[in-house]
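There is one chain below, alone, in structure tokens, taken in the form predicted on its own.
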């Protein structure tokens, strides 16, 4: 799920960036350092939407660097247990498959795939129904439900299922070709 929140960060800036463009240099460094990162508490920072305030800088002894407290608004992505997501399959093997929904990687075990789907090995491994009408393979889009999350300091791992109503393949590029 996406949230719009306010976060705070202390930014260190080298003296060569001081001058007329101090604010722009600080904001561009903040975007470079923060966008695309993950904090276990808030989730993945998708984008910075605005700067609320930049405090007065504090000179670091001996280095000349200045530390500025910056308060900024950002959009974060944090998956929750029970959430339904659409994801792209990245890897299929006999244990299940991995899919990505933005920056989050989700594993779906073969026990959480409907019983009528069988693993097919070969050059393009996949899970196929007995009548071959539905096929889960690399690059296809699936709708899945998150049944568990594990949060580390810098990463979020999820386990999902497609063994429920209205879940499964929603777009198979191989079928369209």
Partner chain sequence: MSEKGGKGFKSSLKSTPSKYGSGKDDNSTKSKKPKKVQFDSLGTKESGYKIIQDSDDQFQGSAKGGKGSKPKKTTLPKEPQPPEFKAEKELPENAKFLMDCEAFQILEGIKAHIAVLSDDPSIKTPVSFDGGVEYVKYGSCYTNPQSVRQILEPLKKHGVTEDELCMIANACPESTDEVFAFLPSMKGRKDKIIQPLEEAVAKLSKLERSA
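Numbering follows the first chain given and starts at 1. These figures come from a predicted structure and were not determined experimentally.
Just so it is clear, the following notes concern the form predicted together with the partner chain, a form of the same protein that is not shown.
Whether residue 49 contacts the partner chain in the predicted complex should be assessed with a 4.5 Å heavy atom distance threshold; does it?
Yes, contact at 4.5 Å.
Residue 92 versus the partner chain, in the predicted complex: is there a non-hydrogen atom within 4.5 Å?
No.
So, in the predicted complex, is residue 44 in contact with the partner chain at a 4.5 angstroms heavy atom limit?
Heavy-atom contact with the partner chain at 4.5 Å: present for residue 44.
With a 4.5 Å heavy atom cut-off, would you call residue 66 a contact of the partner chain in the predicted complex?
Residue-level check for residue 66: no, no contact with the partner chain.
So which of 26, 113, 140, 146 gets a non-hydrogen atom within 4.5 Å of the partner chain in the predicted complex?
Spelling it out, the residue with a heavy atom inside the cut-off is 146.
Options 129 to 137, 116 to 124, 30 to 38, 57 to 65; stretch whose heavy atom lies within 4.5 Å of the partner chain in the predicted complex:
Going through the listed ranges, the match is 30 to 38.
So which bits of 94 to 132 sit within 4.5 Å of the partner chain in the predicted complex, heavy atoms only?
Contacts from 94 to 132: 101, 102, 103.
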